[in-house]
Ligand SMILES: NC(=O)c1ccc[n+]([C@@H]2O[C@H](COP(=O)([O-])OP(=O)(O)OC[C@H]3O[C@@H](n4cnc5c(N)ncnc54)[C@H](O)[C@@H]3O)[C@@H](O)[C@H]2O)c1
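Below sits a lone chain in C-alpha cells, taken as the form predicted alone.
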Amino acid sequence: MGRVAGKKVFITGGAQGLGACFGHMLADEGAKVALTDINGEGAKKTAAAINEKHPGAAIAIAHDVTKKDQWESALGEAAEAMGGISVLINNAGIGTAGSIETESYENWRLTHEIDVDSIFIGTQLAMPYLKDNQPGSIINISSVAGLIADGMMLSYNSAKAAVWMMSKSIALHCARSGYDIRCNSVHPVFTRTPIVDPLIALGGGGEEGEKKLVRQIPLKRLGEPEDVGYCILYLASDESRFVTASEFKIDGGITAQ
C-alpha cells in the first residue's frame, strides 16, 4: 500500500509547478487527487498525465480561487468524484514586486485575494468535507517570504506571513473542537518552477541569473519541486497525525542566517 492510499486530496493551483508535482507524487503513493486551476486546460493535461500511470486517480476542475461560488462547485464536484475530501492543499498563489512607495493598490489587493482570502474561503467551505473524512489534513503553501522580509516584496511578504499565522489559528480551532484535522504551513525558498523565471531573468537570465539567485541560499542551489513534494507527502499521510500548527521550511538553510 502507498503512503497515502485512500486519501482524497484537493489541490489548488494544480496545472503546473508545485501543484502538478504534488498531484503526481500523491497519486504515485495511492491517493486520489482533484487538481483545480484557473487554467483549466493546464489542469486537464496534468490530470491526464497522472491517469496514464494511475487510471482514474485524477480529475481536473477549472477554478478561480477568489470566487466563493466556484469554491462551492469545485469542492462538490471533487467530493462526488473522489468519495469525499480528506486533504486540502491550498497551493494557488501569485507574487508581485514593489515597495511601500511603488506597489499599486491593485497588485496589493490581487495578491491578498489569491494568496490569503482564497485560503479563508476555501478552508471554511471545505471543513464539512474534512470533518466527514477524518483524519484530515490542511496544508497551506506559504513561503520563506512569510518569515523573512524584503523591501521590494511588500504584498507578497504580508500575504505569506498571513498564511503562516492563519494556519496556526485553523490548527488550534480544529484541535480544541476535537476534530482529527490538522493544519500546517509549508515555506519553500526559490524553487524551480515558472514563478522563479522572472527572478532569474532579473539577474541576467540563464545560468548567471540562477547563480545570483542562489547566492542567498546556504546549500547553493534552487529547490526542486520534489523537495517540497516530499514534505507534502508526509503532511498528507497519517505519518503526521500528531503534527499540527507547525511551519515547515524547505529553504536550503536561508532562514537560519
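Note that the structure is a prediction, hence the values are computed from the model and not measured. Note that residue numbering follows the sequence shown and begins at 1.
What follows is about the form predicted in complex with this ligand, which we do not show.
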Checklist entry - So which stretch, 164 to 172, 86 to 94, 129 to 137, 101 to 109, is the one near this ligand in the predicted complex (non-hydrogen atoms, 4.5 Å)? => result 86 to 94
Checklist outcome for this item: Assert contact residue (this ligand, in the predicted complex, non-hydrogen atom within 4.5 Å, options 159, 183, 141, 78) equals 141
Checklist outcome for this item: Only hit among 226, 29, 210, 64 for heavy atom within 4.5 Å of this ligand in the predicted complex is 64
Next on the checklist: Each of 39, 114 and 191 having a non-hydrogen atom within 4.5 Å of this ligand in the predicted complex: is that the case here?
Outcome noted: yes
Next on the checklist: Considering non-hydrogen atoms and a 4.5 Å limit, does this ligand approach residue 13 in the predicted complex?
Outcome noted: yes
Checklist entry - Are any of the heavy atoms in residue 9 no more than 4.5 Å from a heavy atom of this ligand in the predicted complex? => result no
Checklist entry - Going by a heavy atom distance of 4.5 Å, is residue 195 a contact of this ligand in the predicted complex? => result yes
Item to check | residue 18, heavy atom within 4.5 angstroms of this ligand in the predicted complex | outcome: yes
Item to check | Within 202 to 217, the residues that have a heavy atom no more than 4.5 Å from this ligand in the predicted complex | outcome: none
